[in-house]
Structure formats: structure tokens, C-alpha cells
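Shown next as C-alpha cells: one chain only, the form predicted on its own.
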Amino acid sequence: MGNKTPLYQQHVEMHAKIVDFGGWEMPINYGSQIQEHHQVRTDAGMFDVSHMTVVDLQGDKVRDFLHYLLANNVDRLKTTGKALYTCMLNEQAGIIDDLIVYFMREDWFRLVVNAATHDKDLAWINKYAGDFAVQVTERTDLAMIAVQGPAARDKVHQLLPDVPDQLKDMAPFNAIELKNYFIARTGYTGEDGYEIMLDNSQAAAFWDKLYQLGVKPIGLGARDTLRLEAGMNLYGQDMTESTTPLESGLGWTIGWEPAERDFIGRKALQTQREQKDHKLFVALVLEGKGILRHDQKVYKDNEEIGTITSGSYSPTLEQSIALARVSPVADKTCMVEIRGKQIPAKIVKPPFVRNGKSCLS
């Protein structure tokens, strides 16, 4: 038996199909995965993301520690609650994990890291934290619920007794602490919404109240198609310890300046940047029949040039889409091998969908 979140019983009572996900018993769907996908794109859905790991870092030198630990530059975080997306790299610039870091106080930053990388993430963080006298605290007392969709924020506001203007006016990638909640305007779907951290003992009641407001539960299946349409990477497929941010479409997350900041993996990353011979991360739209899937091979002029890292049918676009890592010879078209046949695909710029609308020209 795997780990169970504080919302496990809710999933069972809502007839979810439960699967193992990174050692956790999680809902993959509650019925129709496509209906769940459209629910988030058109209204509001809620996800149990309590399997994610929340880590608080505290100490007088925590900012200096994060300067060294993370590829992005936390000096961009100057106001309370401001969030930053970044990668945590090894010495070879391979991605140990991608994560979000929140600035709360000068002596307190909060990280949210992936469930499947929990053990290695904490080991890596603790390996260097002592050099900076940083206290590392895993917040196992907190559950997390993501509420996503065009109506998501309004539905959450209805559950709060007094909604401060600071929350109503809060920009994306910011967070606020209220009496019982840590509310971040972040997500993994390409829609607006919140990720809400709250005490484990309060999670079930909050989930049930959201459901009474018409916020439908959404499983991991729809979460995957939503994030793929939004062009968001999945750790373990689109990026791994064997790939760098430059090979994973995440060059924009690297804080190159100031040049004197020495973060873990910088030297290897700088070398790769200068050589310019690494593979590229691209988005694909299938032009023939079939479904794009992880590990399918990509060809150009009958030469294998890369591999699909994530692929699926897009419920919003009603066609097959994928993310892939390919050699620089790729331009606007390619072929994908599906069941022994090469099917034409178009190379496009991600995302595929933004705010429920197609980004394809």
C-alpha cells in the first residue's frame, strides 16, 4: 500500500480510480477524463496535490544558500509572497528537480518540490544547507489543493469569510498567508487559479465545500493533458538528471546574471551554452492519424533526430500533440513513427492552448 493524502477518503467516496503515483495512492480520474479536462478549461476543477513536498528553509543566510542551490536567481524575489519557478541542478547541469520557491521573509523561503523526487531532493538540499546554517523543515502537516479554471478564483473567494483586497488584486506567481491558508496564484494547467496549502485536518472540509459550490474533482489523467496543452514540462519525462535546462526548453529559467553568481551546475551549463550543439526542445502537432506518445521516434529525411518526451490527444484542440527533444536540424516539419509508419507532424512553438483557446496559427 502506498502513502495516502488527507483527502484519500474523499477520492474513494467520489468513486475515483486510484493508481500508484510516485508511491502515493492517487486518483487518475473520477469518470470521464475528457469531461474533467473540459471542466477545468471552461469552469473550475480541484486537484489533490497533497503528495507534493513543501519545504521551509530558515536562517540568516537562506538567500545566499538559494543563490548557490538554484539555477534561477532568487534576487528577483523582493516582495513578500513573490514566487519563482526554477530548476535545481547537479554538477553536470542535469535537472534534479523543477520547483517553485516563495519568498516569505529574508530568513524564510518556502519550496514546493515534486513527490516522485522527494527523497533525492531532500538529500540534496540537506547536503548543502549546513554550510549556510539553514534549517530545513519538511511540512508534513500541510495538505495542498489546486483549484484551477476561469471560475476558480471566484469560487475560492466564496469560501473565505473576508477576502482581502490583497488577494483579489494579487498577481500571478504571488502568494499570501491568511489565517488558516497559504494561497498561491500558481498552477499546472495553463488556467488561472490557486494552489492552497492548509492544515491536514482542514483539507477534507475545504474540499467538500468546494464541491458544494460546483467545483468538480479532477484526476491525474486530466492534469496531464491540461499541462501538456499548456506546454508545461513533466519531471521524469521532459526533463531528468540526464538532461539540462537548455535541452528541456527551460533556458528562460536560468539566472545568468550576475556573472559572478556560482550556482551548482553553472560551469557545465555555460559550456553547453557556448558549444550550441545540444538538442532542442520543441512542440509537435500531428498532421495525420494516430496518437503521439512518450518514447516515439522523430525523423527528418528518414534520419532519426529525436524522441517524443510527452504526447497525448488534446481534448481542447481535438488532435494529437507532443513535446520532443530533437537535433538542431529540425525546422518546421518532421515525421513521427507510430506503429511502424512515419506520420507527418508540424513543429510549433508552445504552448498549444492558453486561457482555453488554441495558440496554433
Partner chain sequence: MSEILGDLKYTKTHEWIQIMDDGTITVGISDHAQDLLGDMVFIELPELDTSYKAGDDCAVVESVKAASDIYSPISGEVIAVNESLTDTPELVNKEPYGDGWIFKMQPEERGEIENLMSASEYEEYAESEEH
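Predicted, not measured: the structure shown is a model, and the values here were computed from it. Residue numbers count along the first chain shown, from 1.
The same protein also exists as the form predicted together with its partner chain; that form is not shown, yet it is the one meant from here on.
Q: So its partner chain isn't shown here. In the model of the complex, which residue out of Thr225, Asn233, Asn174, Asn72 has a non-hydrogen atom within 4.5 Å of it?
A: The residue in contact is Thr225.
Q: Would you mind picking the one in Ser327, Ser312, Gln58, Thr42 that has a heavy atom within 4.5 Å of its partner chain in the model of the complex?
A: Going through each option in turn, the one that passes is Ser312.
Q: Closest heavy atom of Thr333 to its partner chain in the model of the complex, within 4.5 Å or not?
A: Result no; Thr333 lies far from its partner chain in the model of the complex.
Q: Is Lys341 a contact residue for its partner chain in the model of the complex, using a 4.5 Å heavy atom cut-off?
A: Close contact exists here: in the model of the complex, Lys341 approaches its partner chain to within 4.5 Å, heavy atoms only.
Q: Contact between Gln33 and its partner chain in the model of the complex at 4.5 Å, heavy atoms?
A: The answer is yes: Gln33 has a heavy atom within 4.5 Å of its partner chain.
Q: Contact with its partner chain in the model of the complex for Arg293, defined as at least one heavy atom pair within 4.5 Å: yes or no?
A: Output for Arg293 is yes: heavy atoms within 4.5 Å of its partner chain.
Q: If we take heavy atoms and a 4.5 Å cut-off, which stretch out of 49-57, 312-320, 64-72, 298-306 is in contact with its partner chain in the model of the complex?
A: Going by heavy atoms within 4.5 Å, the stretch is 312-320.
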